[in-house]
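Just the one chain here, the form predicted on its own, laid out as structure tokens.
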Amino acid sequence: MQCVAPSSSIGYKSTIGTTSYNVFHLPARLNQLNIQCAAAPATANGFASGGIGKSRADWQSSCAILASKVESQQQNTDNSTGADQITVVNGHNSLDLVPIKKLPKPLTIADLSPAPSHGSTLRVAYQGVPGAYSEAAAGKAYPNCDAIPCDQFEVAFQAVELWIADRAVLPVENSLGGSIHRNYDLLLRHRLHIVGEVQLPVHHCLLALPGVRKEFINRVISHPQALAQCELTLTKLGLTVTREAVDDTAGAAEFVAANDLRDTAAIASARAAELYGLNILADGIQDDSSNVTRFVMLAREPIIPRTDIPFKTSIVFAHEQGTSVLFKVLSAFAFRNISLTKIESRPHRNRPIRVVGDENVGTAKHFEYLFYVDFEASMADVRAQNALAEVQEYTSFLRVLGSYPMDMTPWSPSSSSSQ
């Protein structure tokens, strides 16, 4: 251990091993002096070589010697004429202390719990290619963010887990096509937290290469959800053609453009048409103008729940007795006047089948389910805490996926913009 005496009027530096620590607010009389104290085996004369002996008498003697060195060094310092003179003791120069004005600023709760709109420097992963609706959702959730395209939903999750991205924005349900089940399964498989949600109006367009007319088309490609959302409109347009699913809408537009497919059209956004040089054959071809996709924002750490703004909480649970416990779980929320916004059941991957009954007489087989529930309350709300405490009594597995601010952005079909 190396002990460094005060090197300025505001503190001294202590060195343990190779690490130095600044200590402030000590008396300012001693200036630019280093004293080294090192533990070492005692020599024949009772003193440790270069240090302090082991006995009390040795220690007192060493202190007296050190005190005399301090007094002598102090007199030499007082007689110095150069203000910037550096004193050398035991072969070490005194070190400058860090000015107080340069000390790091303490963290605040705002630093630990950034608002959902705080994303000007964030790297946000999304599934698809530029022009995808997920890219538009990432821009709405985190304006001016650095959007990172991923070819699969799984890759977007891993991008956040591996610190390649700070957030991920992924769709979980659509007002026409229903839930995106793949992402519900991935929410359980990965340990990311939901930190926000954003609802994006979806405005589909039928895209083709320049000069191609609808009569020339014998195939339409897009994401399965987009194909389902435009099924009736495609029939009304007279497009009784082959419909093929691809990974994402913008990827379909890119595929048509890259391969110069003059017999194929894509369902994607107007932005995708602009990016990949396609023409819009038909605009707003979704079967329902009230077509909205809900996205969730994912992060490595949860945010701090609050009660001053509307919050939503997402959980997933299971029970060994199957669906018979569902009524008890729902009553825990109903009794406390907590509104549920979604219930989604998914087969339990590890335990898909539950056998009931006596094998000698006959058995009944039932599917095992996981239940995903969203409810309108913050985890900082005592009602939500009590409800989950009761739910935990009925379930064999319970996990909070996130407690996050609700998207309260007003929207109407007439205000939907081409994404």
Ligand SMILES: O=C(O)C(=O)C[C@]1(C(=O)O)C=C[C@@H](O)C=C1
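Computed from a prediction, not measured in an experiment: that's the story for all the values here. From 1 onward, residues are counted along the sequence shown.
There is another form of the same protein, the form predicted together with this ligand; it is not shown, and what comes next is about it.
Site check by superimposition: this ligand, modelled from its position in the predicted complex, clears the backbone and C-beta atoms of this form, with no atom inside 2.4 Å, and the site reads as open. With a 4.5 Å cutoff on heavy atoms, Gln286 does not count as touching this ligand in the predicted complex; it lies far away.
Using a 4.5 angstroms threshold between heavy atoms, Phe295 counts as touching this ligand in the predicted complex.
By the criterion of a heavy atom within 4.5 Å, Thr313 is excluded from the residues contacting this ligand in the predicted complex. When this ligand is considered in the predicted complex, His223 lines it closely, a heavy atom lying within 4.5 Å.
Ile180 is the sole member of Ile180, Val160, Ile303, Leu326 with a non-hydrogen atom within 4.5 Å of this ligand in the predicted complex. Among Ala253, Ala132, Ala156, Ala138, the residue placing a heavy atom within 4.5 Å of this ligand in the predicted complex is Ala132. Comment: 172-180 is the region of 237-245, 172-180, 256-264, 275-283 lying near this ligand in the predicted complex, near meaning a non-hydrogen atom within 4.5 Å.
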